[in-house]
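Next comes just one chain, in structure tokens: the form predicted alone.
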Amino acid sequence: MGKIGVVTGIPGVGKTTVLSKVKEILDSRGIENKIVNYGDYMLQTALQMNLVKNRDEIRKLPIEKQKELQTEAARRISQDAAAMGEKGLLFVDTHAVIRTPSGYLPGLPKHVVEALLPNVIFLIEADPKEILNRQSRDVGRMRSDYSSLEVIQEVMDFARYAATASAVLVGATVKRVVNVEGNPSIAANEIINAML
């Protein structure tokens, strides 16, 4: 089975950019790799089961049905990693926590992390001021829930707690990776080195 790395980060930290750089570097080295989005797998499963017509409808399903979709998505991701062979690297783009009006929801609860069995859970972080600046430049996305330095720091703190708790369940490591402004290749190489 290939190795699985779960890559998390607060909106605006540059996770998508870093993962694109990870893919670029691994492709240039001839290392088999795949980057997947956890939410895409949940949506594919929900569509196949005729439960929803679009992604927004998933969060309106009963909680038990959402958990079932989460578990099935994790199982399918694990199957994709197994199909890559022992030297393949699969990276899952997801969140360690989701900020909701009723509190922080773990992005990797027990039923998900036990189905995924990641080798490493990565926390992509940056200075909260940099994250706020990145968010203000990204006019294509609304991130009003993460619009203060205090909230950004709090989310990063809760993400650390959640990632550690998830790692304990499956014996994974947790690696904090700083995404340096203007040079995502630094974070990308840290991620790659932790997986090889």
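Quantities reported herein were computed from a predicted structural model and do not represent experimental measurements. Note that the rigid core is defined as the largest set of C-alphas that superpose within 1.5 Å between two forms. Numbers follow the displayed sequence, beginning with 1.
Here the subject shifts to the form predicted together with a small molecule, a form of this protein not shown in this document.
Contact annotation for the candidate site: Gly2, Lys23 and Ala83 all lie away from the small molecule in the predicted complex (no heavy atom within 4.5 Å). Among Arg160, Lys65, Lys34, Arg55, the residue placing a heavy atom within 4.5 Å of the small molecule in the predicted complex is Arg55. With a 4.5 Å cutoff on heavy atoms, Ala46 does not count as touching the small molecule in the predicted complex; it lies far away. Within this chain, Arg59 lines the site of the small molecule in the predicted complex, having a heavy atom no more than 4.5 Å away. The shortest heavy atom separation between Gly88 and the small molecule in the predicted complex exceeds 4.5 Å. For the chain shown alone, Ile98 is a contact residue for the small molecule in the predicted complex, at least one non-hydrogen atom being within 4.5 angstroms. The stretch that touches the small molecule in the predicted complex, counting heavy atoms within 4.5 Å, is 38-46, out of 23-31, 38-46, 150-158, 164-172. The rigid-core alignment places the CA of Arg29 less than 2 Å apart between this form and the one not shown. For Gly171, a C-alpha deviation below 2 angstroms is recorded between this form and the one not shown after rigid-core alignment.
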